[in-house]
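What follows is a single chain, given as structure tokens, in the form predicted on its own.
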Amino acid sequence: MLTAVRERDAYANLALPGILRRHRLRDRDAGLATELGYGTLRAQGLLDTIIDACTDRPLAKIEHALLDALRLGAYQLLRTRVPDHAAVTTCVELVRSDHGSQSAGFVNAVLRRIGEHTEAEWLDRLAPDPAEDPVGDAALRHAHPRWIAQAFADALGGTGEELTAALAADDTRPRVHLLARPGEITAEELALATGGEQAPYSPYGVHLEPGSGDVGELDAVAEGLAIVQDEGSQLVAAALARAELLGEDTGRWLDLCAGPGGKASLLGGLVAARGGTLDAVESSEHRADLVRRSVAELPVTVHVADGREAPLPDGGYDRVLVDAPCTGLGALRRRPEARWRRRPEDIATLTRLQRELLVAALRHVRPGGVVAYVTCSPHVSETVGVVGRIIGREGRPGPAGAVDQLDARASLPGEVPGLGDGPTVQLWPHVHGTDAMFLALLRRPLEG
């Protein structure tokens, strides 16, 4: 998996199931392979810092395959209960078989140096002084790039214990969340069928313990009764269906950024129960095909188009979802390689796209209708920054004209804690056990 991620820019969560099946790994073996692969990718920056301290050779000069082996061995030494001799021997012999004795000797020497100290001891030696650089210290200790840790601090409003808790939660293997598809199965039935437990907040959610094996082999998933979907995604999508409209809900809903189809599946089930329809827009033909599979037999029409210029009626929809393309910083615990791929310079391009999509959504929604703006990121530039630019200031409307902002907290279940002062909602792994989803609800005022 490390090779697939490095050489083909593969996504670990998509590559892993095939790897497990190809090598016929199940149960405990599959759980260990998942932990080693995900864990090594998640901790890459921390591991590289420690590896760099144990060799005179610059990391950029180490062959990629050897560096993969060093990272894997270092992760086992520092963050698992695999015996040290087993971790070292396995990695050394793997290198010896593919790259010869000289490379094996190099890997052996570096791993033995790493094994001389625990992770905590290495961090005490290598981390910045927390009094002088609390963000840098927390970033290294919890394996995040510094700029991402700073983005979390900005969203949380501080660099204290809550930042540490947020980064720690992001550095922990998450539970698997399932969506019980409305109209197909209830959350209670799904929990009984899978051995999981009902989600604390989403009425459609079920949680499974990490290491539960290939979720695709569960009968409920294989039969299309359930899909993998984070509880936070369920909450923000369902919030659109709960939001208060002005005027009648005519049952015309729109998902403007629908790929790969998870939220379209949930909204399609909800609108079907109300006798309505959903239009789903996706710019990529491949992802549009994934949407079609997700919404099969639901009253959903899939359109392949750029959401900014979709050939759909202006003012024609009661409810519009903009699940905008974003940095994905809110789902780093589920996409372990993503934190090391993203760059701060990605933000400017994404926020421009997000604003343009939100303006398009407000064009398509009818007066009195509601738009849900959603990102899987807590970065303030992608969240309140985008919303603020669209709303504008008093007496100076934004590019979409007059817009009313609703209190999004009112559209979430009442038992969800820690929602702050509103009107937007920012979920967090360390508070809610969900991905760090952001939600804003905007309504076009009635004309006249």
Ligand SMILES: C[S@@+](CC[C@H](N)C(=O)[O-])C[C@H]1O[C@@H](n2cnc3c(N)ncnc32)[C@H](O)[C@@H]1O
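Sequential numbering from 1, following the sequence displayed. What you see is a predicted model; the values in this text were computed from it and never measured.
One more form of this protein should be noted, the form predicted together with this ligand, which is absent from this view; the next part is about it.
Evaluate T250 for contact with this ligand in the model of the complex, applying a 4.5 angstroms cut-off between non-hydrogen atoms, and reply yes or no.
No, T250 is distant from the partner.
Does the 4.5 Å heavy atom contact test between E119 and this ligand in the model of the complex come out positive?
Heavy-atom contact with this ligand at 4.5 Å: absent for E119.
Heavy atom to heavy atom, is G196 within 4.5 Å of this ligand in the model of the complex?
No, G196 is distant from the partner.
Answer for S103 alone: is it within 4.5 Å of this ligand in the model of the complex, judged on heavy atom distances?
Although this ligand is absent here, S103 would stay clear of it in the model of the complex, with no heavy atoms inside 4.5 Å.
Pick from 151-159, 365-373, 301-309, 128-136: which stretch has a heavy atom within 4.5 Å of this ligand in the model of the complex?
Residues of 301-309 come within 4.5 Å of the partner.
Work out which of E337, E231, D318, D323 lies within 4.5 Å of this ligand in the model of the complex, going by heavy atoms.
When this ligand is considered in the model of the complex, the option within 4.5 Å is D323.
Using a 4.5 Å cut on heavy atoms, which of L256, A226, L358, A74 is close to this ligand in the model of the complex?
In short, L256.
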